Structure formats: C-alpha cells, structure tokens
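Coming up is one lone chain in structure tokens, specifically the form predicted alone.
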C-alpha cells in the first residue's frame, strides 16, 4: 500500500506524492509540519481497490487518479484532503483488515471497492465505526437493499440496472432461452439473479448456469462446453473485466457465436479495448458513463488522460471522481469537524444535496443510498466505424434516472419507510 497526499487548502496549494511505502493496512502520520493541527483540518480518503488483479484496468490506479483529481479540484475550500490507496486483492479478509485499520487510524471515507464480497465487509465496518463508504466498484444491488447502510452511498451502477438495461431488451428482440457463465461470488450471483428475473418477466427462460471459481479461473473451456450443450439462444456472461474478455474469447473459439447471442452483462470500455473491435463488434452493454458521451464527459476525460497513461476514465473510475467530489461538497457544507465526527451525518448531508459533476451531470441520492443518474445501452462499433483508440461506443438507448434503478419500495432497505 502507498500513500498519495493531495492537500487542498487556502491558497489552492496542491501537493501530490506517492513515495511513502507502508505495510498493508498501515496508516502514516501527515508528513507536513504542524501535523496535529493539520490533522483536525484534514479529510482522509482511502481508495481501496484491485491494484493487481482482474479489475485493475477498470478500477485500480485509475480510480486513485480520479479520486485525486476530485480532491485537487476542490482546492481553496478551507481544509486539506489526503488520499491514500491499498490493494484488497479481491479478498474480503484483506479488504476488511485494511478498512478497520484505516478507519481506526483516521481515514474518514473509503472509496471504490470493486468485488461485492469485499464491499459487503467494508459496508459493515463503516457502519460499526460510523465512517463513510463511497462505493463505486461493487455492483450488488443488495448494498441498497437488505444490506443498505446509513453510512454508504452506492454511486455508479448495480446489478439491477445492468439486468434491466440488457436482459429485458434482448428477450424482447428474440433471445428467449438463456444460459449463464457466472463468477462464483456475491456479485456474480446477484447479477445472474437480477437478469434472470427480467428475462422471465419478459417471457424468456433460464435453462442453466455454470459457476466458476473466482478469482482463480483462467481457462473457461469446460464452462463454455456446458453452455454449448444447453442449446440456449443467449449466453449471458455474469462476470466482469478480464474474466468477461477471456470467457467471450473462449466462447468464440468454440464457435458459440454462430448459434448463440452474447450478452455482456457487465462489460466496460477497458474490456472492449482488451477484446478488440473485431471480436467485440455489435455487442450490447450497459454503462452509466462514457468519456465521449457529451461535452462535460469529454472535458473530464481531457483532465484525466494526462494522469492516467493517456487513457480516458472508465465508468467505475468516473464514479470515484463523482462520489469524492460530492462528499467533499457535503464536508464543506457541514464543516470538517462535524463531518469527521459523524459519518452518518455526512452521508445524510450528501443525500440532502443535489449532485452535479462532469461525469454524470445532475442527479440525486435516495434514502437507501442509491445514486440516481441516466443509464445508457451502448453498442460496440466495428473497426471501420471507429475513428481510433477508445472511440468504441454508439448510444443505442437511454434510460432516465427515474426508470433505470430498482424502485425504492422494492429493495427491502431497512432505512426506507413505506
């Protein structure tokens, strides 16, 4: 784990560094003079992400960059922001250990946390410690359902939104029977469950599923063979990132694309880039952010690319930017001391304030912690249509913020009074 310090205070003085090496889960004292006084006026944000595994390119270092950028852009508001980072290795035990140490040693908010099993652990610890959890990377809709917390905001996307945006539309255009290749952990289970519900509600049926060990699986051949034997019309990939890329490649190698339609239930820009337009052309996928969507997203990408190996922000990374920026607005509104003392109050202030940022535009946060913004069904361009690297999507459909997410009364969140 390393620290990256972003100091935003009077005079718009900004310092970014990353030289201080720490052991996993450790927390360092502020390296600046007057540390004790400054600590009381400093908001500490920990980016807990996948820095070395299958979600690294879609989250990881890019999530750190976008969190740092939000802190930089908040300069001059009268308090400092320190950003640190750690790799949870997609393991709940590692992630929970880091989260406990961070919160106990002065971190005010944790951001990102791809892998739903890790996010559930952090969600619980944030509530116990009365801190803030800004989830961007984990997808399970249970985080705003039975597992909802007054200390957590679920910002970017979830399994309900992905399921509704992809499963329902495919059934209505002829994809009646489905087979799933599913990552065997909380996220994969939730995604398969939510898509299955929309498939069946639209008149389709699920004929089977193959669950594979995560994150240990690299060879998807046996699972592809099971899908082929099912004779389903649609093959749904209930996984993410590198696993989606590798399982699609395996399915194409076995020729399944000749008889089945491929539904990438969580596929992002970096996954399309890894797969290549020749193999990804025509795929339909759902996201809430794309760098070339409008003038504001293009402006954000222009700021991110020089800091991110000339890559535009992916959806989850953009979510870290938006969530961090709105959290800091809430801190400024209520005061640093109050925000540090009471994570529930900070999240309540976030919910009370309208959201607006260059990644997602105007929006709001519901009582269950669900961040609301429009959602887009994208179709992947072919090689001839693309103007170059990262020009991969065209908008196929738009779902409004009001319609894209699970109705508040249906989630089972204990915070919601009906």
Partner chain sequence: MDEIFGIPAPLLFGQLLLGLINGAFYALLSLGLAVIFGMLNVINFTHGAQFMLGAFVAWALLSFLGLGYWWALLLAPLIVGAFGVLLERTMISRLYKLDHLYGLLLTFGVGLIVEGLVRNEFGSSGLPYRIPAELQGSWDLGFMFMPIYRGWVVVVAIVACLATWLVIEKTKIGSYLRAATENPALVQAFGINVPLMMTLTYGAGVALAAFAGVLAAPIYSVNPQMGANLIIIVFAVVVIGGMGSILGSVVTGFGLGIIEGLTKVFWPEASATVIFVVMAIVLLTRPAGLFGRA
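Keep in mind that what you see is a predicted model, and the values were worked out from it rather than measured. Residue numbers count along the first chain shown, from 1.
Just so it is clear, the following notes concern the form predicted together with its partner chain, a form of the same protein that is not shown.
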_96, 169 and 173 all contacting its partner chain in the predicted bound form, non-hydrogen atom within 4.5 Å_ = no
*Close approach of residue 249 to its partner chain in the predicted bound form, 4.5 Å, heavy atom*: yes
*asked:* in the predicted bound form, is there a heavy atom of its partner chain that lies within 4.5 Å of any heavy atom of residue 203, even though the partner is absent here?
replied: no
*State yes or no: in the predicted bound form, is some non-hydrogen atom of residue 92 no more than 4.5 angstroms from a non-hydrogen atom of its partner chain?*
no
*Do residue 381 and its partner chain share at least one heavy atom pair within 4.5 Å in the predicted bound form?*
no
*Can you pick the one in 207, 229, 332, 338 that has a heavy atom within 4.5 Å of its partner chain in the predicted bound form?*
229
*Using heavy atoms only and a 4.5 Å cut-off, determine which of 86, 234, 270, 126 is in contact with its partner chain in the predicted bound form.*
270
*Want to guess which of 216-224, 285-293, 118-126, 67-75 is within 4.5 Å of its partner chain in the predicted bound form, heavy atoms only?*
216-224
*Taking its partner chain as it sits in the predicted bound form, which residues of 326-345 have a non-hydrogen atom within 4.5 Å of it? Please list them.*
none
